[in-house]
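Before any questions on how it binds or moves, here is one chain, the form predicted on its own, in structure tokens.
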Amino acid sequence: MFDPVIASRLQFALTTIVHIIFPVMSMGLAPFLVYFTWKEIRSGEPIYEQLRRFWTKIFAISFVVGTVTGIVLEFEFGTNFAAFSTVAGELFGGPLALEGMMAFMLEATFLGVFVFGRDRVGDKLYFVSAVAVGLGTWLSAVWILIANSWMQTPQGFELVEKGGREIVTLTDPMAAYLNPRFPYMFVHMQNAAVLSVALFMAGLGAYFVFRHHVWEYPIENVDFWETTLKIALIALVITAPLQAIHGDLYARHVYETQPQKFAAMEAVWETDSYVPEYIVAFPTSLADLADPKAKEIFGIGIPGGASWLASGGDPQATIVGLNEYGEAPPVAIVFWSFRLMVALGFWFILLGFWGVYRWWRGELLEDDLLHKSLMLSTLLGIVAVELGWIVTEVGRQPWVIQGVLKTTDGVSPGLTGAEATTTLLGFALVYLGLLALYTYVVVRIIRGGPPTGEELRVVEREGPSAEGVAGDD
């Protein structure tokens, strides 16, 4: 049997890793669906109705499974991390409650109109429903990230002794909710979601375009997939560079607020200056893989790059080593996850500009190497998100609330190893089953393709509506 602390951490990690897939899909699809709806109403072109209806199906199933898997996470705070809930409940409970009452209710209410109400409401109200669904999806991220970011950079509270232990008591809710980490996490997460969906759309579009134009296999509605590919490339070429630029600012903020995490990201054990930033790193032995050290790793790096990144421009800046902090996070997990995430980020930038360049040259539909690269990258955006969250959460260890409460002290005191191991195995079975079912349904939707012919709405227009979204109610 696992130690209850280890089993609880593994269980929460497993459930979070599976759950995050579904919010990424729904948050990333939200702006696309608003755009497709607006274009459908404005132009009356069937292609935008096809895009809206097809991607709404994937959005809806992502929302449903994300809701089911997300609710369980909140219960885990009570079952596995009751001590943490006791200490931080006053702060944590507010954002989680608001996420349900404000964001979830807004999204769930208007999702019914958006999915089933196209023929029952006018253009104006229908467009409002699209915006409300997207807004609710992103508001949900606001409250969840407020809670998580406070755990990274806690402020606006004081510790008050109650019942023999110190409890977090809010003194300034605005300072707590708008803590220094929140804007960095929100921008990075939301942009990552759109980027991930853009890669997913581009990969699917490339697959069908490849089969039709390269293999010369007849594909019904190939224009739908060509349009999907082009729209995805536009989103990719915008979001991929933005993610890299913002990631640079985010890393500097981590150095300023969580220097121990930054040292783990760069595998700096001894306090040093002129620390290299490895763009590509390879372990030369099993020891390097399990216990990486910045200046002993074989790789392609920028001399002084990590120091420059941390300081904002000084390659001679000093980075405090992990040995100065006593307890260190699992450095190998943080270091290699960060390396892989950064490598994927540069690959996404290359893909975006490669695709747009081939489109500009008029060779987008015939470039089989680009098609294969996009197909292989279909799910890599989600992988990068997972790696980013691993860096965020594992890099904070041994703290569950930075500088306030350690993870070992946050686990439910009465939880036994047998109980924790049993629920870990049960959750693994259920969550992996839900992921398999979700994958099956999404594959069925993709194979079914977009609606065609008589399935499409009949819109009697001579051209684009003069009233736009303010059409007949």
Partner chain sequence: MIEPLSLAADPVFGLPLAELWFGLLFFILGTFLFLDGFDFGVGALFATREDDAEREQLIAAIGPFWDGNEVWLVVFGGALFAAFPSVYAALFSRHYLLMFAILGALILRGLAPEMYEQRHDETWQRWWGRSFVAGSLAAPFLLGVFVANWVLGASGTLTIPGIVVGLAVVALTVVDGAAFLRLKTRGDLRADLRRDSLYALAGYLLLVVAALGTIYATVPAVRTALLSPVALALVGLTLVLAAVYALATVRDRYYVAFAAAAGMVFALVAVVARLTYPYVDRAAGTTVSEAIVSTLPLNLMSVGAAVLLPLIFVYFAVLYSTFSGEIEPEESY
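Residue numbers count along the first chain shown, from 1. Fair warning: this is a prediction, and the values are worked out from it, not measured in the lab.
Absent from the display: the form predicted together with the partner chain. The rest refers to it.
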* Looking in the predicted complex, any heavy atom of R361 within 4.5 Å of the partner chain? -> no
* Would you check, heavy atoms only and a 4.5 Å threshold, whether I300 touches the partner chain in the predicted complex? => no
* Does any heavy atom of G100 come within 4.5 Å of a heavy atom of the partner chain in the predicted complex? -> yes
* Looking at the partner-bound form in the predicted complex, is Q155 within 4.5 Å of the partner chain by any heavy atom? -> no
* **Stretch from 388-396, 191-199, 339-347, 100-108 whose residues place a heavy atom within 4.5 Å of the partner chain in the predicted complex** => 100-108
* To do: Would you confirm whether the three residues F186, P241 and T378 all fall within 4.5 Å of the partner chain in the predicted complex, going by non-hydrogen atoms?
  => no
* Structure fact -> Picking from P173, G312, P330, P180, the single residue whose non-hydrogen atoms come within 4.5 angstroms of the partner chain in the predicted complex is P173
* Just one of L425, V64, L432, I446 has a heavy atom within 4.5 angstroms of the partner chain in the predicted complex, so which one? -> V64
* Structure fact -> Contacts from 67-101 to the partner chain in the predicted complex (any heavy atom within 4.5 Å), listed N to C, are T67, V68, I71, V72, E74, F75, E76, F77, G78, T79, N80, A82, S85, T86, G89, E90, F92, G93, G94, L96, A97, L98, G100, M101
